[in-house]
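Here you get one chain, nothing else, as structure tokens; it is the form predicted alone.
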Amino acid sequence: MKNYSSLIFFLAIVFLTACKKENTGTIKLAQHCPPGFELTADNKCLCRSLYHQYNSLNNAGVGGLQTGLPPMRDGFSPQQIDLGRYLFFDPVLSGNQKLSCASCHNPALGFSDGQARSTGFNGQLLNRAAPTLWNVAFLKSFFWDARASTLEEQMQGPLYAENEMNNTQEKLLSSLNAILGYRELFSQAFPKKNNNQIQINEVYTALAAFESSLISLNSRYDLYAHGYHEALKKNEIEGMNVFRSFVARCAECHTPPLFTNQQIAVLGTPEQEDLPFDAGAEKTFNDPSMRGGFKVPTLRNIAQTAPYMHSGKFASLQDVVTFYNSGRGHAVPENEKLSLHWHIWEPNLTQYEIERVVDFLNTLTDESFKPAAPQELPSGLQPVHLKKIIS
């Protein structure tokens, strides 16, 4: 009888704990668009920026200030974007419920993670640094090696990789469908659902909706570009002019307004000492000329996302600019014959010019539209990025 009573007590505790964990009523999805988006009559959020007034064809020369934006992903509903925000921070998406998307893409760290090599499942070190998610709505390819062509394709990599979030599609859907709060929120975000079961494409759509809302186009540089020239100081304007010059040639790859041309470039950047040479985009395209090639990253919010390069090799922006200034192919291993990008040469910048370029790069910081991280989740779990900062 005593054992039976103990069993009843144990089951009661389990039941109460489960009830306490899951949040089924206090979370409501947003009815309005994030900042920088306009809500249309058919409940879609469309991005609005001063850059939309510019026609790229009317701005001759690489690095022009008033250059238009490329096509982007928008048109998601406010509810889909907000649902994606909850999913993004929820460790229920991982196999052990300890990792979220925000573990490697923390908004407090420029939607990167501040590590040279990201940390995956059970503390495993991955081979590359986590890129920022700012302005991914404009990108045509994803991952450092450009192996994904959509956000939906990209997110399936970390979700299901054994060394990253280590989940499966079946387990992910089972976990989400077991949470009443999420079933209710998915019904709000996808009102034309045929049933109350969460579908995997809805998970991908919601995450893509949230990530597409991460727009950063309101830095001090942008104020300058739109005509308010007092927004930049003298040393920053000097740095911008070096950045745009034919001598430094930074803007030929890091082209405004996104500060990336979205192409693959073979730079010959060094790896971490304990890792072999990274073939990069050679594997993606089965093209030996792309060996050691990686996507040109955006420089938006670059001051927030150290360390730098795919390998996280450089700790500071000054280190990065110094690398480019140190001579063509100077860091390429002796046994590697790379087809280095033709823009990589020896600009012979002075130390003063290097420092001014760094000054300019710091003007690209804009987190005015940074979304608020949820303080509670439908799963009842604690948002992982908050645990990471506190610990």
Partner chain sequence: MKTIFKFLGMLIAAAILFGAGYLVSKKQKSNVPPPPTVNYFSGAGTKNASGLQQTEERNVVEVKQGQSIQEAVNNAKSGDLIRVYPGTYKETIYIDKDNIYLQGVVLEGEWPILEGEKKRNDAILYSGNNMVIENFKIMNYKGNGIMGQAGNNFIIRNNYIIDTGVYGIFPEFGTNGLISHNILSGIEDAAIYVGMCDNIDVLYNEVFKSVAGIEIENSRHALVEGNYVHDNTGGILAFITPGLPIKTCFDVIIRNNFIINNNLENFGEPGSIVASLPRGTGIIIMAADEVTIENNIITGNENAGIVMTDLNFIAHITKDPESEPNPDRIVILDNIMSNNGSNPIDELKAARIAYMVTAKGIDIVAVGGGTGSCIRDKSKYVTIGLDNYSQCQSPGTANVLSYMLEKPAPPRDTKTEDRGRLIYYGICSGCHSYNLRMIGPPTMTIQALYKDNPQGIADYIAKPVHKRTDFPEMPPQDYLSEEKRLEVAKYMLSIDK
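Source: prediction; values computed, not measured. Positions refer to the first chain, counted from 1.
Heads up, the form predicted together with the partner chain isn't pictured, but that's what we're talking about next.
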Next item on the list: Would you point out which of 156 to 164, 75 to 83, 197 to 205, 254 to 262 contains residues with a non-hydrogen atom within 4.5 Å of the partner chain in the model of the complex?
Entry: 254 to 262
Notebook entry, point to check: Given that the partner chain is left out here, which of Ser316, Asn241, Asn235, Ser187 has a heavy atom within 4.5 Å of it in the model of the complex?
Noted result: Asn241
Check: Only one of Leu50, Leu69, Ile27, Ala331 has a non-hydrogen atom within 4.5 angstroms of the partner chain in the model of the complex; which is it?
Finding: Leu50
Item checked: is_contact(Asn218, the partner chain) in the model of the complex, heavy atom dist at most 4.5 Å -> yes
Notebook entry, point to check: At the 4.5 Å heavy atom threshold, is Phe285 in contact with the partner chain in the model of the complex?
Noted result: yes
Margin query: I'd like to know if Asp359 sits close to the partner chain in the model of the complex, meaning any non-hydrogen atom pair within 4.5 angstroms.
Written below: no
Margin query: Using a 4.5 angstroms cut-off on non-hydrogen atoms, would Pro35 count as touching the partner chain in the model of the complex?
Written below: yes
Check: Is the partner chain close enough to Tyr54, Leu65 and Met290 in the model of the complex that each of the three has a heavy atom within 4.5 Å of it?
Finding: yes
Next item on the list: Any residue of 215 to 251 with a heavy atom within 4.5 Å of the partner chain in the model of the complex counts; write them all down in order.
Entry: Asn218, Leu223, Tyr224, His226, Tyr228, His229, Ile237, Met240, Asn241, Val242, Arg244, Ser245, Phe246, Val247, Arg249
